[in-house]
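Only one chain is included here, represented as structure tokens and corresponding to the form predicted on its own.
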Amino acid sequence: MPPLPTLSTPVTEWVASVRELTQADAVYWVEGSDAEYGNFIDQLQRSGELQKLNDAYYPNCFLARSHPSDVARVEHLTFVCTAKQEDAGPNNNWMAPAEARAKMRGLFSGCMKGRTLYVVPYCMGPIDSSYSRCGVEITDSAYVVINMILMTRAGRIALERISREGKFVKGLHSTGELDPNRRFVMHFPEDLAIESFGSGYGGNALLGKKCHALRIASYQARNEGWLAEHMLIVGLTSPHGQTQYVAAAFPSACGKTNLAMLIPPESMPGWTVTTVGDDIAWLHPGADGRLYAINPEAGYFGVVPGTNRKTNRNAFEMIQRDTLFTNVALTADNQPWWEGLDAGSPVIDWQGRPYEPGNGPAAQPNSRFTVAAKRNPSYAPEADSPRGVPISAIIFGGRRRGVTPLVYEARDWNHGVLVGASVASETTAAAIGQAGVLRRDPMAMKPFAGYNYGDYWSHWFAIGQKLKNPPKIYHVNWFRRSDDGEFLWPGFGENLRVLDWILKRCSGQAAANESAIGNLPRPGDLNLDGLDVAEAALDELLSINVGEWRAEAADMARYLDEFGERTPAQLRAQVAALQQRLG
């Protein structure tokens, strides 16, 4: 694709300056066509970076492997570079912009000698939506290019929109030498810019995803009056034909993808669940006083291990064709394999070595699939709607063995900000080697809020003031356990029973008991037809222990102190009111 200088002078000028810095041999402008995508696939197969999988079982699917040191986010090497350190907040690593620019300029200088510089214009969100925002990623990785084509609306259509608006997020990326000691991800929110060096994997390299769609976009959203959130969006249609949309935020390992692609249980016939988005939501106040959401992404970049027909049928069926796998294992007949599958066995591990159990898991625990969203059997056509979808409820959730009930409803929007700010999960042994450690992850945005959490919470309060008809806010906990360690709630598709109550609350059709922490359903308020849950378990799931909640509120107050004077007085008042209600 030739440059279009008459349409995009700011882009072409920036590309020229980057080429001069990196000394790239050639410049290639991504057009975004199917034929071009096929050409990239062929190119990467010839270079050995992609391996075609068994076409009889996984048609048009390919395997890529990243460097063994390059398989996860690098939060300790990820920085938010604002002029004032306090604007980045204690929730982010900070580096002065001048220092960060100098460091990155030294790394990028001459780094693309002998390489091609790829220019990827992209749009986050429907191409004709006023809620969407554009960016351009410059990269020397063709693997990054094909991921960005799958994950965004990329190419000529995005470049044309950029030329009309004259504003875009600048993302500069190079794999460098894949040296962990020369690896950084820098965000410059005040300049709408991202620079990433030394990694070729995931969100460290696919700059449209977490870097743009959350860290930079959250900063944009505060300035422009909307929210960029780490949330799924689902449409729920009842047997009576009423469709409502909810957005939900969960930390990792809390069932987010399963909820995004929920399969209604057989005991609840007539329900339909569609996926608008599985990971990120941009939420805008509408003219009617409601909150509207778009999914800025056009594809899924999901964790593969644990995905099977039982745990997530839609995701499993979605990745049977037209999918790019990264860091999974292989069977003898060249099918992808990962832990959690109930068939096949690995012979080659994720590093390309003969599989030996003593070497660790066959598939890398953070191995991924990249696939177009329209491959999802439950894909919602509304995901392409320029106006977005109206949100009836916002749901927060965490993984807690105790304390937090199955579901409770915030008293109002301002109380809901506290509910979101108090999101926490207990770690599993697999996560950090020690189970039961409580980690606070407000709004499930801890790694992704691009500015000070105190200012972020203030912005949530400000958004609430703009909404005449705000969504109701809820907290769920699918992971409550009995004293002997057994799960009290079956989870998975049965979670629709909780969503049913939430939707009925939103439309004034369900009752609740008021408690100190919010409104809870009574056992009779939930549709329990065909569900085998003991009465004692339900009582435990739908009740609170005041003593435990006093300790929880005190811990939340201490957590807010970490953000000092940036913590909004309204949030402290919400904690104080909770403590007063608890007695």
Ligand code: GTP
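Heads up, when I say rigid core I mean the largest set of C-alphas that superpose within 1.5 Å between the two forms. Don't overthink the numbering: it's just position in the shown sequence, from 1. Predicted, not measured: the structure shown is a model, and the values here were computed from it.
One more form of this protein should be noted, the form predicted together with the named molecule, which is absent from this view; the next part is about it.
Stretch 477 to 485 is the contacting one of 267 to 275, 385 to 393, 477 to 485, 170 to 178, since its residues have non-hydrogen atoms within 4.5 Å of the named molecule in the model of the complex. For the candidate spot formed by Gln23, Lys103 and Ala193, no residue has a non-hydrogen atom within 4.5 angstroms of the named molecule in the model of the complex. Among the residues Gly344, Gly306, Pro361, Gly235, the one placing a heavy atom within 4.5 Å of the named molecule in the model of the complex is Gly306. With the partner removed from view, the residue among Arg505, His230, Arg161, Arg497 that has a non-hydrogen atom within 4.5 Å of the named molecule in the model of the complex turns out to be His230.
By the criterion of a heavy atom within 4.5 Å, Phe301 is counted among the residues contacting the named molecule in the model of the complex. In the model of the complex, the named molecule sits within 4.5 Å of a heavy atom of Gly255. Proximity of Gly464 to the named molecule in the model of the complex falls outside the 4.5 Å heavy atom cutoff. Using a 4.5 Å cutoff between non-hydrogen atoms, Asp279 counts as a contact of the named molecule in the model of the complex. Residues from 340 to 371 that approach the named molecule in the model of the complex with a non-hydrogen atom within 4.5 Å are limited to Arg368. For Arg321, the Cα coordinates differ by under 2 angstroms between this form and the one not shown after the core has been superposed. Core-superposed comparison between this form and the one not shown: the Cα of Tyr456 travels less than 2 Å. Comparing the forms between this form and the one not shown, the C-alpha position of His415 differs by less than 2 angstroms, with the core used for superposition.
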